[in-house]
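This document opens with one chain alone, in structure tokens, the form predicted alone.
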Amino acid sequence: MILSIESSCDDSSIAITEIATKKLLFHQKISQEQQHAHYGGVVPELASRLHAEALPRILEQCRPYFAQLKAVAVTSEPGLSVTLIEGVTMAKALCMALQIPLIGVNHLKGHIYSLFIERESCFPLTVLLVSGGHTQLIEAKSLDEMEVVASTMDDSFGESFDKAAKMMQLGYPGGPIIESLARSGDAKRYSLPLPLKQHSSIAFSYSGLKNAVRLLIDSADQEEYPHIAASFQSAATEHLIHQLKRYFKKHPPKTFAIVGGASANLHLRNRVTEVLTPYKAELLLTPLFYCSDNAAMIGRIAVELYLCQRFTPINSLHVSPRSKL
């Protein structure tokens, strides 16, 4: 079995995964959303302190598995340095105490492997990763061969939802709040700009759209917020769809996947399904429960790394706020 730890942002999570079957034997996550909602976003120092409190409580429940553990895996990049260090410190201590190897995991790759929790992996596939500060289009051919073919130039898809919600003083996290509010709004009420419509290369950008929404909010009353939310969600999604269509003209998809916390947005899922129809491409989706940060996805990719004997020397594992796939 492998014990995995996730603490890259505001979710404290630990999982136990059986190596031979990929079966998830234990998984628990403690969210910090309520504590950060007052501030309209994640406060790193507060998140770190909450991890220091939550992770030991979850770990205590894992003691019955300790004798059967073959390795400990932990998210080490990318993420908030002060929160990553909480998980990494715990992982190192466990490895030294139990005399088992350590596996450092890239958080973004973990999101891709959230598609394969309790099942076998399948490659190649084209992936749209919409998680936290990341919006990336990735060609994933294997565990070690993943190429980012397009990324955001500024804000990410998920960040734009958080900021739109904050401007309307609706709370945090903004993704589910905006999606819920948009259900009672008219997406055609307001015409918002489509970012990078005339841009020559395939990329993503949300700073201009965010500013357009700000101006709209400043000139509207709260009764219009459902319509603003619907119009914003539609424009933010159509930007992704527009760029995907452009990419698909030269690279027709066979298997396509959406991963990351913002992939839980049902409007996005429905629009991507429509775009893929002409190509008869298979769409892979992470179960909604595992879209946001969690240790189950870290444990799943750790199984692959363990089978390849890809261990990380304890003294050489350091946290990194930014990293590449």
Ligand code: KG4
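None of these values were measured; they are calculated from a predicted model. Heads up: residue numbers just count along the shown sequence, starting at 1.
Keep in mind that the form predicted together with this ligand is missing from the display, and what follows is about it.
Just one listed stretch, out of 274-282, 66-74, 261-269, 47-55, contacts this ligand in the model of the complex at the 4.5 Å heavy atom level, and that stretch is 261-269.
In the model of the complex, this ligand lies farther than 4.5 Å from every heavy atom of Y206. In the model of the complex, at least one heavy atom of G158 sits within 4.5 Å of this ligand. The shortest heavy atom separation between P173 and this ligand in the model of the complex is within 4.5 Å. At the 4.5 Å threshold, heavy atoms of C291 reach this ligand in the model of the complex. Of the listed positions (H227, H239, H107, K210), a single one reaches within 4.5 angstroms of this ligand by any non-hydrogen atom in the model of the complex, namely H107. With the partner omitted here, the residue from G133, P124, P253, P193 that has a non-hydrogen atom within 4.5 angstroms of this ligand in the model of the complex is G133.
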